[in-house]
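Quick heads-up: it's one chain on its own, the form predicted on its own, in structure tokens.
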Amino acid sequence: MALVVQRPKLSLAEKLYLPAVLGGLMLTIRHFFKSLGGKTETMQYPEQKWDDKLPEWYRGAPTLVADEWGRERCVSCQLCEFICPPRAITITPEEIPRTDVWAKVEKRPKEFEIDMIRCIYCGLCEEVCPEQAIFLRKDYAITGYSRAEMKHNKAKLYELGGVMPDVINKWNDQK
């Protein structure tokens, strides 16, 4: 059995959309007088940035970080690559030669690339990283003139991420 819904009876003013038009006009007039008093709701981007108003939990662009001695934290476990929903991360691991000073760790990334066009800033790569090698910057204005510029390679990611001094598990002999 079909359910019949009765439509409300509209007045002539409602049929002509007068209440909605007047409501919109009043809102515009109220914002006009606010702007005359110096209170604006609009941010003038790019002259004004959200940097001071970003919430603590904001997730921005992923970067790679090094320790205070310049060593890479990434051990090429590829967990971030596997967990990335849009498949924006590509890692090519390589073995560290036994003659290297830091040969305790088996692998390091030969190539590490994040396609920032595909990245959705979900933060899963940062959460899954066992060595805290990936950090999300509070950066929302990532631009480029071409698709190639938006693919951040390992050097660019370390340049953006910088140095993060902390206890690094892979270099810890107690591990």
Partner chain sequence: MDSLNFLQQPIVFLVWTSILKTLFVLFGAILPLVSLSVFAERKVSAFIQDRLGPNRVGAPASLLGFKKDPHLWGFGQMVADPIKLLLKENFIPNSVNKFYYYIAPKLTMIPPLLVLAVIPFGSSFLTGPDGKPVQMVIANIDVGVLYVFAVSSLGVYGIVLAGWASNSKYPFLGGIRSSSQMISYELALGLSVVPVFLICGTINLSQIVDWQIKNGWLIFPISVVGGVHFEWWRLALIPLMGISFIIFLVSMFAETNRTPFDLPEAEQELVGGYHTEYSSMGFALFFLGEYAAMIAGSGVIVTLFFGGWSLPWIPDGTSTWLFGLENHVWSWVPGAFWGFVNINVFFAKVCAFIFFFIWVRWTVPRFRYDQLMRLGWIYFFEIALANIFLVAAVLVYLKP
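Nothing here was measured: the structure is a model prediction, and the numbers come from that model. If you superpose the two forms and keep the largest set of C-alpha atoms that fall within 1.5 Å, you have the rigid core. Positions refer to the first chain, counted from 1.
Below: the form predicted together with its partner chain, not depicted.
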Counting only non-hydrogen atoms, the one stretch of 109-117, 63-71, 135-143, 23-31 within 4.5 angstroms of its partner chain in the predicted complex is 23-31
Indicate whether Ala148 is a 4.5 Å heavy atom neighbour of its partner chain in the predicted complex.
no
Would Leu160 count as a contact of its partner chain in the predicted complex, using a 4.5 angstroms cut-off between non-hydrogen atoms?
no
Is Pro55 close enough to its partner chain in the predicted complex to count, meaning some heavy atom within 4.5 Å?
no
Please check if Glu41 has a heavy atom lying within 4.5 Å of any heavy atom of its partner chain in the predicted complex.
yes
Suppose contact means any heavy atom within 4.5 Å; which members of 114-149 contact its partner chain in the predicted complex?
none
Core-aligned CA displacement of Phe32 at least 2 Å between the shown form and the other one
yes
Ala148: after superposing the rigid core, is there a C-alpha shift of 2 Å or more between the shown form and the other one?
no
Using a rigid core alignment, state whether the CA of Ile120 is displaced by 2 Å or more between the shown form and the other one.
no
